[in-house]
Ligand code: SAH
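One chain follows as structure tokens, the form predicted alone.
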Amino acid sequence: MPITPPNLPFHFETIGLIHSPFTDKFGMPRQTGLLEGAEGWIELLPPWNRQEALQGLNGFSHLWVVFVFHQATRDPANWRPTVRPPRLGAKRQGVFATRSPYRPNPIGISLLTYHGWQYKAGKLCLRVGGLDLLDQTPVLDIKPYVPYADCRPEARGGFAEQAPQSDELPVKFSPLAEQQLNHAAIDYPNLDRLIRSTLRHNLRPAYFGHIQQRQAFGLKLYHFNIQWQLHADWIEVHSLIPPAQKPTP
């Protein structure tokens, strides 16, 4: 007789929240470690915010972070078996051959660099780098990266064998943007590197390459709205619109 697998419901707890410079999906890196200055924090929530849970973690340089695509949830009954990876433009691939956020279950993993933990405003936080996650992303689990088990030099990467080729466009700041950036650097010392790295790599969908020029693009980093323009072979940052009320970095 055929065996019917059990359709068991599962319940997961949010053990932490990501504090990231990326407050909007546009301009986010599509994999970890692609941008300079993409650093942030994992805030552990009660009752998982105990130092004992981190015992031994300082010996590791990288962490696997299991999270929820909280802005990509959809009814499982409406899931699609194929998706369009940004690097392939209009070409579709099977959802299980991609890391698309639109999945039967909106669960993702990221490999982040670990820079230790500390208390911030009374909250137990892990400092992490190489972020490719939206601010306020719910964290389900944290596991150490173990080089002897997790590193496979002989592994094949399918259609993603090589890193995406970017235009490496030079980024220039207007005098106003330079002034605003210098002021913002007091609270956000990595903002310069993050803006340049994000825009320089031209991390936009493949179809976007057909657009040569456009006025007043907006890129949200932390709580700033970065106003910029794409020229034929360079990018100009016009201004950094600050938040109405300065948040805590």
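Just count from 1 along the sequence shown to find any residue number. Everything numeric in this text was worked out from a predicted model, so none of it was measured.
Same protein, other form: the form predicted in complex with S-adenosyl-L-homocysteine, not shown, and the subject of what follows.
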Verify the flagged residues Leu45, Asn49 and Lys143 against S-adenosyl-L-homocysteine in the predicted complex: is each one within 4.5 Å by a non-hydrogen atom?
no
Can you work out whether Val139 and S-adenosyl-L-homocysteine are in contact in the predicted complex, taking contact to mean some heavy atom pair no more than 4.5 Å apart?
no
Does Leu134 reach S-adenosyl-L-homocysteine in the predicted complex, with heavy atoms at most 4.5 Å apart?
yes
In the predicted complex, does Leu176 have a heavy atom within 4.5 Å of S-adenosyl-L-homocysteine?
no
Does any part of Tyr188 reach within 4.5 Å of S-adenosyl-L-homocysteine in the predicted complex? Heavy atoms only, please.
no
If we test each of Trp41, Phe217, Phe224, Phe69 for a heavy atom within 4.5 Å of S-adenosyl-L-homocysteine in the predicted complex, the one that passes is Phe69
Only one of 74-82, 104-112, 147-155, 119-127 has residues with a heavy atom within 4.5 Å of S-adenosyl-L-homocysteine in the predicted complex, and that stretch is 104-112
